[in-house]
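Encoded as structure tokens, the following chain is the form predicted on its own, with no partner shown.
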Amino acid sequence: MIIIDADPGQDDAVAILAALGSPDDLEVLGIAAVAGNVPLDLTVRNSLALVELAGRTDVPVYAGSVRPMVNSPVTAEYVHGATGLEGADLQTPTTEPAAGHACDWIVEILMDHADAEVTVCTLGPLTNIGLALVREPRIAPKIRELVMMGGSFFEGGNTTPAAEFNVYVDPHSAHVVFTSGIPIVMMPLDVTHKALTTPERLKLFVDMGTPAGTAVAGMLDFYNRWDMEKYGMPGGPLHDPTVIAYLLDPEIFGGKEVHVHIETAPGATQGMTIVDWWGVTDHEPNAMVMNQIDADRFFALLADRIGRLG
């Protein structure tokens, strides 16, 4: 059983569609939308459009946090376009979001389950999860593990020289999560920058000829442009689907149990994930941080699952 917490975003969209295309492996309890790549009203709308595209309106979508815990909002329309899902011609959703706030729902559904029964998948800023933990710390042992896309270490930042976007947007919530005792699996830029959507891999989705495949191909074609120009790579990094791929096939990835500290102080390093990769401190590990990926196997898995949506 999983909870998806997301700020769609084209790469979030691919992750959500892959999860919804894997009902035999992943029971998606719901999607909690959070402000991040675009403002909350759009991340809610985009989440609803994706469950409709997947034919999975049985999965509820909850509206969550409109802004970070402490800092002012930061968005990324310069990457994702005005709606967050530019490149796909999606229908305006007719499904309504579920009643109640996403943070309340996260607390309620976790408290309704046994310890270590639910996995939380975070694809955006950690605001919803951080606030839920502040409201009800007893949810921490309910979480089997929290698999997140965020952070970086040897790769550097993509929003500031020190910080990756998801952690930079809400470092205070990230600090709450990383000091909660929840088992964490972290997919940083050091992994996602090895998962490039090259033309050959994009063709996997183009060739599907299905509504989901066509939408993914269009979104990724749009999304690629920014990072390819910025980094000079042969394709854009595909960040958030690494979270879902890990749940479906963890052998795709390799990493190390280390201690991660979140820098919250204002200044040039705010939002930095300080990863003690070489164990130079006496801090106990608090996260499995990945730095290896079989990219071809990763894209084949995504194509298989999204291809099942028809």
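No experiment lies behind these values; they were computed from the predicted model shown. Just count from 1 along the sequence shown to find any residue number.
Note that the form predicted together with alpha-D-ribofuranose isn't included here; everything after this is about it.
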Is the gap between D240 and alpha-D-ribofuranose in the predicted bound form 4.5 Å or less for some heavy atom pair? yes
4.5 angstroms heavy atom contact with alpha-D-ribofuranose in the predicted bound form for F205: no
Touches alpha-D-ribofuranose in the predicted bound form: T197 (any heavy atom, 4.5 Å): no
If we define contact as a non-hydrogen atom of the residue within 4.5 angstroms of the partner, is M149 a contact of alpha-D-ribofuranose in the predicted bound form? yes
The one residue among T119, S180, N158, N224 placing a heavy atom within 4.5 Å of alpha-D-ribofuranose in the predicted bound form is N158
So if I measure heavy atom distances to alpha-D-ribofuranose in the predicted bound form, which of the stretches 164-172, 134-142, 106-114, 90-98 falls within 4.5 Å? 164-172
Out of 78-94, which residues reach within 4.5 Å of alpha-D-ribofuranose in the predicted bound form, heavy atoms considered? H80
